[in-house]
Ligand code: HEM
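The form predicted on its own is given below as one chain in structure tokens.
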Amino acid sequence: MIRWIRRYTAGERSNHWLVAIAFVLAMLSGLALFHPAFFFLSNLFGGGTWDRILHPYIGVFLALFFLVLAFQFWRYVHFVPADRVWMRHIGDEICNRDERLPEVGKFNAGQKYVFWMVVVTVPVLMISGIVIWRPWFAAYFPLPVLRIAVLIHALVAWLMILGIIVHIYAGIWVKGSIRAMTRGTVSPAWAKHHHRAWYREMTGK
């Protein structure tokens, strides 16, 4: 009898947590720069000057390690017809009526949407961040471009923050998901209940 099913390798988990830590640091340092009401967060980074210096480097770190994560999960995140059905029945997922949902693979449609949201937002944040990165690049761009880049950077950052909040909430809400990303394994019952097609693939049942 199978006691545990391997869901994530040690490398996948380590890289995920590096991305997660970088995201939290980028969010906190970015909020400190976004509005005076959040400036107190700069104390976590040694003050306003260090916050401004470290924020873009943290962003680069985040982008690089997310690129690795994207390659690790790439083959699992393409949308299939079952994902459209899953989205139409997302209310059943929320109410834990999984028997009404189609069989899904390693990732459900919600997880795939979060993945692609990050795929889109990270490059936009990188490009806009480079444009406004002082003292290295900002001097090469005219003031109107800098203002547009700041606006885009802020709006996309908030979109990413909201998406990741949903991702974290779902991970906590679905019991057993945290174990998958800390220990790398899930129970057969969890796999069969939440990701039946992946369960069949892993067990041959």
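From a predicted model like this one, the values you see are computed outputs, not experimental measurements. One rule holds for the numbers: they count along the sequence shown, beginning at 1.
There is another form of this protein, the form predicted together with the named molecule, and it is not shown here; the text below is about that form.
Engineer: Though only this chain appears here, would V104 touch the named molecule in the predicted complex if you measure heavy atom gaps against 4.5 Å?
Structural biologist: It does not: once the named molecule is placed as it appears in the predicted complex, V104 has no heavy atom within 4.5 Å of it.
Engineer: Might F115 be said to contact the named molecule in the predicted complex, defining contact as any heavy atom within 4.5 Å?
Structural biologist: Contact with the named molecule, yes.
Engineer: With the partner left out here, check for me: in the predicted complex, does some heavy atom of F73 sit within 4.5 Å of the named molecule?
Structural biologist: Contact with the named molecule, yes.
Engineer: Give a yes/no on whether Q111 approaches the named molecule to within 4.5 Å in the predicted complex, heavy atoms considered.
Structural biologist: Yes, contact at 4.5 Å.
Engineer: Counting only heavy atoms and a 4.5 Å cutoff, which of 143 to 151, 32 to 40, 53 to 61, 172 to 180 contacts the named molecule in the predicted complex?
Structural biologist: Correct option: 172 to 180.
Engineer: Given a 4.5 Å distance limit between heavy atoms, list every residue of 124 to 163 close to the named molecule in the predicted complex, or none if there are none.
Structural biologist: Just M160.
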